[in-house]
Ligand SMILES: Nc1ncnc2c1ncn2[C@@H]1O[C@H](COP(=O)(O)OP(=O)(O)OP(=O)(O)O)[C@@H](O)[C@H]1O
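This document opens with one chain alone, in structure tokens, the form predicted alone.
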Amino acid sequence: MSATDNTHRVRLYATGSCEGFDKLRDSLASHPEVEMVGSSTDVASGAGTLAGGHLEAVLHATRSTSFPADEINAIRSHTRAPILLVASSGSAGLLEQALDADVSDVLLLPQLVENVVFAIRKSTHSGRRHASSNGGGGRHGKIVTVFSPKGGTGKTVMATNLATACAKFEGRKTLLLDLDLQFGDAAIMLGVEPEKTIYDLVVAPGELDSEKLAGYTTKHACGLSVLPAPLRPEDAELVTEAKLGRLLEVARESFDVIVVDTSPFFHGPMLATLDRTDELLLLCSLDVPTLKNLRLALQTLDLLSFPKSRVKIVLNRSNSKVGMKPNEVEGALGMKVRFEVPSDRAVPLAVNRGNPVVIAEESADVSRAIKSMAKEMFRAPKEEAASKKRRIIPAFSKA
């Protein structure tokens, strides 16, 4: 199976014209990541397709050197899909006017087709955040994503314990979503044996709502709800970006906080999760390979236009004596470490017993650090602004 066989193809409609647009449109029509639904030289001719509700992006070309407000408004009257504006020339204020008018991106030709495809895919992952917020005055849960671009950093331990702390010690209605779809271990670390997984949920017939979601989660003794990864790696392919997006929106309506454990890749499910993530915890450890990968991850987040204000660096096993200090991590990443979580032999013991360390050893330094993180997530904005300095939990006292 080729690398592109499992890639979601973006459903794209092209409209308008400018110098070089015909060539770009033809290249996109044959690109493996794009499904060209159709094209027209003017918006009116494509009205029927634009209003179909199945488009994921619109590429609109203009010959105008200034912002074509009338053309964009005409497209907006038919669809809410992201719009990318293409021009062969433009004024200095074109980009600023476009962003003010809710245009996802402006592309000045000529452009490499791969750059255009990247911009299209980025646009489909932006502007969807908090889609459920228009639905009224119910819950609007906070999505906290735990991510590391390298395995072995303690990501699942962190996610399971953070979710447990939110449920047990902060009294929040919490969902732990295991999106390490091929090899997720969250259920094992919590000592639960689920009857159903996220795979069973997404293949179940009918519309997804809060009641249906509740029927597919497994309850932990601390009150935490868990939606585990599929049991078989091959089932991961059926958890599509669209289904995951809907799942997260419904989860927001049902829970105060959704803690998402992830795999170490920027693949479709991760991008769909980032679209809706309120707080991204990037796990780091005191070793050079992890730092290198984390720097690349931060660069990728920049390209995806993910707000830096939502990123928090978590230094795991921060008291390990390996010849590197936290300030060296900060220097390498160009960001402050927000949380330090010390190493503790209680962690592997708790993992092997299937019992979160924040419950098994409540007074341990590692437990206090994670509980502090959980509390931080629910601070009022003024409190949070006043506590921007790194939160340090003391290392062990020697016995």
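Note that residue numbering follows the sequence shown and begins at 1. Note that the structure is a prediction, hence the values are computed from the model and not measured.
Heads up, the form predicted in complex with the named molecule isn't pictured, but that's what we're talking about next.
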request  = Mind telling me which stretch in 213-221, 250-258, 316-324, 75-83 gets its heavy atoms within 4.5 Å of the named molecule in the model of the complex?
outcome  = 316-324
ask   = With the cut-off set at 4.5 Å between non-hydrogen atoms, does Glu361 touch the named molecule in the model of the complex?
value = no
message = My question is simply whether Pro68 lines the interface with the named molecule in the model of the complex - judged by any non-hydrogen atom within 4.5 Å.
response = no
task = Answer for Val347 alone: is it within 4.5 Å of the named molecule in the model of the complex, judged on heavy atom distances?
result = yes
request  = Using the partner position in the model of the complex, report whether Ala374 sits within 4.5 Å of the named molecule, counting heavy atoms only.
outcome  = no
inquiry  = To verify the annotation, which of these, Pro307, Gly152, Pro233, Gly191, has a non-hydrogen atom within 4.5 Å of the named molecule in the model of the complex?
reply    = Gly152
Listed residue (Leu50, Ala61, Ala57, Val351) with a non-hydrogen atom within 4.5 angstroms of the named molecule in the model of the complex = Val351
ask   = Ser104, Leu244 and Pro269: each with a heavy atom within 4.5 Å of the named molecule in the model of the complex?
value = no
request  = Any residue of 156-182 with a heavy atom within 4.5 Å of the named molecule in the model of the complex counts; write them all down in order.
outcome  = Thr156, Val157, Asp180
